[in-house]
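Next up: just one chain, as structure tokens, the form predicted on its own.
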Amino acid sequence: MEKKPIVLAVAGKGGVGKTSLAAVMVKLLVEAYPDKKILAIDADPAVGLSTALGVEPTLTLDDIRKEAVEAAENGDARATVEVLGEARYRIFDCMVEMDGFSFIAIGRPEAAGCYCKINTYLKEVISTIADNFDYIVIDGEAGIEQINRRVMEKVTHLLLVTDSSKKGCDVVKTIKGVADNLVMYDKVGVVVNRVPSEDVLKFMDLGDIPLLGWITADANLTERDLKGESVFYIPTTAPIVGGMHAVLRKLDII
């Protein structure tokens, strides 16, 4: 039986460090599995994962989508068919090959209006390409709906990220509620980031979401983020590296 990829999607409230955690997961997978094929998908319009991984993408999937939409709006049916036919190959133009992993950016959300056939087609293309990889890490925007709508319908692991705030906890519970209806997943859990002390955890209401792990606040990481440094330069002793290693180990991924 053909083995499907392990797909880890990261979601949570804006500003809780999702992108840093997603990038560190890519780093840990690359180091643990140098012989495996790893794909990082930046599904956040802010395209922060590229900076965190030291990637400079020149083309996004939405650039391709835009071409097809413009062809459709111009009434050029033949051009639309041609663009869609080329999309499978153009997606490889979007993909950036790095040392140990590949990277693709989804880009900004599609323009107003319904282009369901185009979106569905491109999502199918992504899923087809995804089957060529062993591990996929998706850095999503604050919600979860766009992962289902714009990237893929099924993830194996849904990692919800919060800080130690009540709002952050409320958001991850809301996202899980939405995901239960919209996204097919095998496992779900929450990672609490930037925790001032372990004592704070007992006051947090995460509902029925399993706690996968927690990571202490790290001033050095904040400084690295501001400088736009790649996570591959983060020392193994950093809290975020040790914390995410423990999370991936708990999930039996490494």
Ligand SMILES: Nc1ncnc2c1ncn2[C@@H]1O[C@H](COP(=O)(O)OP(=O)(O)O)[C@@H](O)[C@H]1O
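Since we're looking at a predicted model, the values are computed, not measured. The first residue of the shown sequence is 1; numbering continues from there.
The same protein also exists as the form predicted together with the named molecule; that form is not shown, yet it is the one meant from here on.
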- With the partner left out of view, is Asp218 within 4.5 angstroms of the named molecule in the model of the complex by any non-hydrogen atom? yes
- Should His245 be counted as a contact of the named molecule in the model of the complex, where contact means heavy atoms within 4.5 Å? no
- in the model of the complex, does Thr222 have a heavy atom within 4.5 Å of the named molecule? yes
- Query: Heavy atom to heavy atom, is Pro235 within 4.5 Å of the named molecule in the model of the complex?
  - Reply: no
- Contact segment among 24-32, 204-212, 57-65, 186-194, judged by heavy atoms lying within 4.5 Å of the named molecule in the model of the complex: 186-194
- Pull the contact list for 14-50: residues with a heavy atom within 4.5 Å of the named molecule in the model of the complex, in sequence order. Gly14, Gly15, Val16, Gly17, Lys18, Thr19, Ser20
